[in-house]
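Only one chain comes next, encoded as structure tokens, the form predicted on its own.
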Amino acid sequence: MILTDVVSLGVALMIPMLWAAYGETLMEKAGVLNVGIEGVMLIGAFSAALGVSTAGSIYVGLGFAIGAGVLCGIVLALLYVRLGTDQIVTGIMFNIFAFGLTTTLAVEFVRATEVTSFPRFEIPGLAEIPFFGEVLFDHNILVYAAFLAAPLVFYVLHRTWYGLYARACSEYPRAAEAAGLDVWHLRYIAVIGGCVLTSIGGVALFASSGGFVSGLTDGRGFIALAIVILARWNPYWIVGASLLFGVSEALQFQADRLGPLGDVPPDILVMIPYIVTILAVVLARASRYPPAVGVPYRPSAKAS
């Protein structure tokens, strides 16, 4: 069935952006805008490729990527939080740095071997459900983990002390400090944790792409930024918004089976996800960023 194939492929394609959007949500809810999300994803994908090339295991690649995400988080936390650099300019420069670094190192250290992907497995009983079984219950472990992460991220942000304190830092950091909170410390945790989730998105992209190439992310990090705005920082809505972008990307691979869409020039089909991104940002113009997002914060004791 054509619809089943399109949506099933869309689910697989949405996963890298979904992980990255979770990471960005965690950071923005603490007051940090990570425009360098594209670079973090790219470094995560490269680290996964390095792990596969070194040990022949995608699980080793996942471990490498998580470590790389922690390292990226530490670097960006120092720049964004500690040094108070402009978060937009710093993020753009980080993306450029990540592109050059991964391109150079891939030539030296990543062998052109067959990609070891995460194995797919069906969930017994659920996989036999018409339409939903093939669409939702016949994927790999990273897909299932991405869906399970939605309630976990929501719980952390809205039902824990850390989520309450972090959200205070994105709304009124000076008031949060007056209440005895360490704004810098809370933002450090958010940036490092957010970069780990974003890096996992890079692993998902590498595992589904057939290999690592220069600029593998191809704008998916920026699409994740749009997803966060469209979903208004709600992890459950992020799943739905990510599916929208995943299906729009899947159309280019299934166009020949979709009647008149098969006559559309390939270049136009490739543009569809980015057109959807622009429309999403326009439609989400009423979304309000928390007041302190993207604004460097200087604690009172250090500002004087």
Partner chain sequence: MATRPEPAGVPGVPVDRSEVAARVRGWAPSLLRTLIALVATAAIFSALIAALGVNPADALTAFWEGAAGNTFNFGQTVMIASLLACTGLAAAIPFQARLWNVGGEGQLWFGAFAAVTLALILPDGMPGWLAITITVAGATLAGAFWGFIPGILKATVNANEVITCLMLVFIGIALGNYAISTLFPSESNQTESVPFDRLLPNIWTGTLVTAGALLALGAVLVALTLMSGTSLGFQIRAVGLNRNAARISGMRTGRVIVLAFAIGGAFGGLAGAIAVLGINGAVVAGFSANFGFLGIAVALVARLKPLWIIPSALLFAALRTGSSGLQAQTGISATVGEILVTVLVVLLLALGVIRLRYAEAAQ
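Numbering follows the first chain given and starts at 1. Predicted, not measured: the structure shown is a model, and the values here were computed from it.
Omitted from view is the form predicted together with the partner chain, to which the following refers.
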(message) If the cut-off is 4.5 angstroms on heavy atoms, which of these, F147, F137, F222, W184, is the one near the partner chain in the predicted complex?
(response) F222
(request) Counting non-hydrogen atoms within 4.5 angstroms of the partner chain in the predicted complex, say which of I96, L164, I129, A178 makes the cut. (result) I96
(request) Tell me the stretch among 137-145, 120-128, 101-109, 192-200 that has any heavy atom within 4.5 angstroms of the partner chain in the predicted complex. (result) 101-109
(message) Taking the partner chain in the predicted complex, would I92, I268 and P291 all count as contacting it (heavy atom within 4.5 Å)?
(response) yes
(request) State yes or no: in the predicted complex, is some non-hydrogen atom of N234 no more than 4.5 angstroms from a non-hydrogen atom of the partner chain? (result) no
(message) Against the partner chain in the predicted complex, would S209 count as a contact residue? Criterion: heavy atoms within 4.5 Å.
(response) no
(message) Can you tell me whether A68 touches the partner chain? I mean in the predicted complex, with a 4.5 angstroms heavy atom cut-off.
(response) no
(request) Consider V35 of the chain shown here, and say whether it contacts the partner chain in the predicted complex, taking contact as heavy atoms within 4.5 Å. (result) yes
(message) Do any residues of 171-203 have a non-hydrogen atom within 4.5 angstroms of the partner chain in the predicted complex? If so, which ones, in sequence order?
(response) E171, Y172, P173, R174
